[in-house]
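In the block that follows, a single chain appears as structure tokens, in the form predicted alone.
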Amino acid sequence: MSTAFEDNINRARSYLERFAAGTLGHFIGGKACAGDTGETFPNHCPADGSLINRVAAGNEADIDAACAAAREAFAGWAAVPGEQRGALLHGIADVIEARADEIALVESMDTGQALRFTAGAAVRAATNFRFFADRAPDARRGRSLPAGEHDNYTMRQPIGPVGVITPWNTPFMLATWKIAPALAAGCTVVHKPAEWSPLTAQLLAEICAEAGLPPGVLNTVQGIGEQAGKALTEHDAIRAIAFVGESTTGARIMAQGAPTLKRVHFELGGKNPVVVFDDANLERALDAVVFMIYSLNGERCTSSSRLLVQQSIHDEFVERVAERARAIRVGHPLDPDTEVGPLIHAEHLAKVTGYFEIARAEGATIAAGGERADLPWPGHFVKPTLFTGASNDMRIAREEIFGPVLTAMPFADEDDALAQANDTPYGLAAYLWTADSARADRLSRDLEVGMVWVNSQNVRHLPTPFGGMKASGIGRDGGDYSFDFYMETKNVSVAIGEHRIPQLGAVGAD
């Protein structure tokens, strides 16, 4: 064990001691609380299976208390001037940066993500808060839309208390990506984090309180999705639900929120294609292909999990991907040399490894990986895997595996590449590698996805819209697109002078 690795382990243990000392509870109305029933569930470390802590199992009563706190705090928070809300959000970013080491190490042990990636979680989260803090003063401003006899102008108002349900893969950053714009808009929030990664949600609630966020503006309820999550999506105080997760869960949330006519924003699953043409810069394409499927343990919605390579270069390019996959360093998430850590949970491990047998049964070849990684720790470690000899009708090419697993397939020409890329129920993202700018423009237009990166891996620009088509989601995040979700737009029409008003029932009226 290197000195840096040992130091990371020791610091992580010190941060985790507070969680191990008791039950991780909720944060409601500005205070930590144990929950209505006292029931708990275990939270285990993906790296070695050890028990980190026990977590409060929130129920309808806990959600009701959180929603009541959010509803009570809403009027006061909505009335705070945007400049003051922005200043407070900058203060939250300051505290996030001050606790960056704690956030990174806790999230790494809670999720299994390699520290090289969680180390950037606090930086990105603070950036999210600062981005929306700077936009808070203008959140309510609308447009002037004059007409001949009326002066029309629009204004935006916060929609009310909202529910935010976040996933387990990059929980801290994604929570801030949803919560920061809601707070900037003037909404209050009830946050239900994923039960497989509960720790950093508690840190975020504490950070916001430490920075001075008023009680009740952000409330966090831990718990199981089928219980706490369902209660949140059905609660009549909640005006909108922002959810990141799998598509089947999104469909259930839409149904649960329908009786109360909730607005929904869904960032759901993906089976994203990366399309490599023979005129591409193949060295850069290789780096991007490997990074976008094997980073973050492959547990990311925007991973390029389908590799479409032009026939003329397919065999050589795919073999180079296989070589890189075999060389990726799998290890403990706190080891600085680790590139791929353990999968988050035993259930998820069983799902991902189950596709190895599915691939064999479907007639595909396992060119790399396809088995558990033999390491000194009894965690959920899997070797980075590459399937070849596949076709787009196979389950390994159609279903979201959500792990370090890539399926490679050849294509003949541009039309074939487009047909294969679009032949999926999902439509989140696509990646194109070509030197032909006209081809890139045509495919960017015709691909049935919400986002396209050309000659690039996934690089986020915060003002741009983020979201998908088809089974990959509803709505867009980013910049003003986030405010469109968390705010209502109202039009005001003011008559200019005395325009003609039709008369009914008046003597001599037309």
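Because the structure is predicted, anything quoted here is derived from the model rather than measured. From 1 onward, residues are counted along the sequence shown.
Absent from the display: the form predicted together with ligand NAD. The rest refers to it.
Q: Should the three residues Val244, Ile253 and Glu267 be counted as contacting ligand NAD in the predicted bound form, with contact defined as a heavy atom within 4.5 Å for each?
A: The answer is yes: all three residues contact the partner (heavy atom, 4.5 Å cut-off).
Q: In the predicted bound form, does Gly229 have a heavy atom within 4.5 Å of ligand NAD?
A: Yes, contact at 4.5 Å.
Q: Are any of the heavy atoms in Leu174 no more than 4.5 Å from a heavy atom of ligand NAD in the predicted bound form?
A: Result yes; Leu174 sits at the interface with ligand NAD in the predicted bound form.
Q: Might Thr166 be said to contact ligand NAD in the predicted bound form, defining contact as any heavy atom within 4.5 Å?
A: Yes.
Q: Answer yes if any heavy atom of Lys192 is within 4.5 Å of a heavy atom of ligand NAD in the predicted bound form; otherwise answer no.
A: Heavy-atom contact with ligand NAD at 4.5 Å: present for Lys192.
Q: Work out which of Ile313, Met155, Ala100, Ile224 lies within 4.5 Å of ligand NAD in the predicted bound form, going by heavy atoms.
A: None of the other options qualify; the answer is Ile224.
Q: Under a 4.5 angstroms heavy atom criterion, identify the one residue in Thr260, Ser391, Thr249, Asn281 near ligand NAD in the predicted bound form.
A: Filtering the options by heavy-atom distance leaves Thr249.
Q: What stretch, of 80-88, 286-294, 395-403, 118-126, brings heavy atoms to within 4.5 Å of ligand NAD in the predicted bound form?
A: Heavy-atom contact with the partner occurs in 395-403.
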